[in-house]
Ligand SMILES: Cc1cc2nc3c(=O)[nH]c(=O)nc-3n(C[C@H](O)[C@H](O)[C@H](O)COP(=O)(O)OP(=O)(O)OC[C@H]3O[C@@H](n4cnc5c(N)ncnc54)[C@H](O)[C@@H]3O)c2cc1C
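In structure tokens, one chain follows: the form predicted on its own.
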């Protein structure tokens, strides 16, 4: 019998291959690059493990619980909350449901008001029931935050920068339902980083996939009715095809318009620093309008992430192309230390970090017409949850078809 072919060894493609392997199916996984993982990759530079972009693992995601062995990932955790920049210094805003007394002490700081406390209670009550990531309503996250009536300071210093970091969208124009969905994940789970970097997620998914089932550096240039053609000219016949590539590549392979594909980009910078003490394992949010979105001291989250005496910082901007010197200056100014304390290591500009939510009907209709199964977070909503879920659903779909 002809094999099932999966194109793309990102998280959704790896998940599909993993499940096909468990079911004993005949399949091949094709990847155009020389590495698996897609956007979920890490690399080691000067002894530091650097993720490709700022990425965290949300432990409460249902597909994460279902698919990954969190204990083996050896996770380090962010604190629940953030530091916000108010009146020329950073001050903590802790999760009021985790540290209520610490939160109450912040009421006199000017960051939150009594009304904000009541509104947060409303949000908490709303999160006690099931929350759909996408509910079909047209309201955006930004419109929802404005409609709820939070104070100006709380919106501009915490809510908007925080959600901009989650969505990588300064306009907060993603569907409002995502606000509740992500807030529920943060409330019920933890934001974590594997000790070996975010790329350890891809490695764990690939653990059970035999090496002869994965073909790296095998870019597909053409899809026919029953075979795919590689750049080398080789043709591979298939019984079923899973297209687990990113939305623009999927558009190219299917020969359809990219009009409904809108990427959301970011650039993450890594710095080594010495002599900067007192950092805690929390995200530090910059005020709305800053070219720097947020930063964190990764050494505070995992003391083993850097060499003795060194502190590893990550800083993320939604503006691709900003200079590392500018990011260094902003970090130094806001932490009150000399810029010379920071040494630039590397940055990762990622023009397509996430995708703006769309129904992608053009892609879906063309794939359905050609009996091709799509996988990828763009088919649902931007998240690791959706990447894993879409890969699982794609595997289940093709297994039903070949039985």
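Residue numbers count along the first chain shown, from 1. The structure displayed is predicted, hence computed values, not measured ones.
Here the subject shifts to the form predicted together with this ligand, a form of this protein not shown in this document.
Under a 4.5 angstroms heavy atom criterion, identify the one residue in 261, 293, 218, 163 near this ligand in the predicted bound form. In short, 218.
If you check 358, 362, 55, 59 against this ligand in the predicted bound form, which one has a heavy atom within 4.5 Å? Answer to the contact question: 55.
Indicate whether residue 244 is a 4.5 Å heavy atom neighbour of this ligand in the predicted bound form. The answer is yes: residue 244 has a heavy atom within 4.5 Å of this ligand.
Does residue 42 make contact with this ligand in the predicted bound form, using a 4.5 Å heavy atom cut-off? No - in the predicted bound form, heavy atoms of residue 42 and this ligand never come within 4.5 Å of each other.
Taking heavy atoms only, is residue 398 within 4.5 angstroms of this ligand in the predicted bound form? Taking the distances in the predicted bound form, the answer for residue 398 is no, it never comes within 4.5 Å of this ligand.
Indicate whether residue 346 is a 4.5 Å heavy atom neighbour of this ligand in the predicted bound form. Contact check for residue 346: no, nothing within 4.5 Å of this ligand in the predicted bound form.
Spot the stretch among 42-50, 330-338, 65-73, 371-379 with residues whose non-hydrogen atoms come within 4.5 Å of this ligand in the predicted bound form. After filtering at 4.5 Å, what remains is 371-379.
In the predicted bound form: members of 3-22 within 4.5 Å of this ligand, any heavy atom: Heavy-atom contacts to this ligand in the predicted bound form: 7, 8, 9, 10, 11, 12, 13.
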